[in-house]
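Starting off, we have a lone chain in the form predicted on its own, written out as structure tokens.
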């Protein structure tokens, strides 16, 4: 802590003792006060007045007891949601990758969907490798999906011998920084009847010893498709890979996601590398990371459309979704469907089903929440309804 911050802390302690203010600011506030003290060239009295005003604003920013935080959060996220577009945008600065944004993405987040429409990853590199183009390109080709079709020079079906004849392109293999021996090993393992002679490749149909028939021609064509589509490099779950250089470093964007395997690789920046798949983050990095990911994804989705929602509303949503140690959706299969009150569950969706099940089990509703009290016309336990007043008649 430098001298300026020490000075601010001493002033706060002094005010606490003299005026009994009970000031307890976060570190970021101390940092901002220090910058204002130096930047605006404040006197000691002005600093004290600034701290008093900040204390007032800080106290006002707290949520009052009895405030309907859930309802306010739902309205605060829901209202801007009505102004969002339904389009799928291209990835920022990268035309080849499509990413779900806008309302469909927000729905994906709160529904906690395991299979999202467009999983993507942003892969960053550590300080030593972030400007090493050769390393980045080599890694991108290891990560991204490559098939035999990507490295073909010539491809032919020989119906006379019932063989698939192919010529590999050495230049493309070199450009993709692929290992020829690894490619040969994959081909030999997949196709038992294969002959590799340099760049030339001959693969026989498994049924080539039988007499020629329509069925056999179909077999050969299926074999040809299998040869073309044979994957020779790449990580499971990742398809296309885009390499981009911004002002300072190289970044890889991927179509598809596999956070666990990517983080195991050398040269990856484990702090900044991320995926938009919240469940995957939860499995690999834990529930706190999943909570932060929900906040980041929701905020990014809203800000992309030029909408600003106070982060505390989104934080409340993320807290509720992750409070039990796993990511739950906000809906009848998640939070709303698991409420303890029968009437609250019935008011949301599948009314008949909830009431029938509750009557079979003999469930009792204690009417502790808001929805159930509105249904039966009682004051809700919020605001003025959260306080009970009693009078002692004997003393009167």
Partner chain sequence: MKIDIQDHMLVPKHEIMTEEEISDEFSEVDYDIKDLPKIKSTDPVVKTIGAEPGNVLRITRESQTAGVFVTYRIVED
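Numbering follows the first chain given and starts at 1. Bear in mind that the values here come from a model prediction, so they are computed numbers and not experimental data.
Another form exists, predicted in complex with its partner chain; not displayed. Remarks below refer to it.
Would you check whether its partner chain, in the predicted complex, lies within 4.5 angstroms of a non-hydrogen atom from each of 264, 315 and 325? The answer is yes: all three residues contact the partner (heavy atom, 4.5 Å cut-off).
Just one of 153 to 161, 282 to 290, 226 to 234, 75 to 83 has heavy atoms within 4.5 Å of its partner chain in the predicted complex; which? Looking at the other structure, the answer is 282 to 290.
Work out which of 39, 362, 26, 352 lies within 4.5 Å of its partner chain in the predicted complex, going by heavy atoms. So the residue touching its partner chain in the predicted complex, by this definition, is 26.
Which listed residue (116, 196, 242, 295) meets the criterion of a heavy atom within 4.5 Å of its partner chain in the predicted complex? Only one option qualifies, and that one is 295.
Is there a non-hydrogen atom of residue 311 within 4.5 angstroms of a non-hydrogen atom of its partner chain in the predicted complex? Contact with its partner chain, yes.
Though only this chain appears here, would residue 319 touch its partner chain in the predicted complex if you measure heavy atom gaps against 4.5 Å? The answer is yes: residue 319 has a heavy atom within 4.5 Å of its partner chain.
Quick one: is residue 274 in contact with its partner chain in the predicted complex, heavy atoms, 4.5 Å cut-off? Yes, residue 274 lies within 4.5 Å of its partner chain in the predicted complex.
So, residue 177 and its partner chain: in the predicted complex, are they within 4.5 Å at any heavy atom pair? Because no heavy atom of residue 177 falls inside 4.5 Å of its partner chain in the predicted complex, the answer is no.
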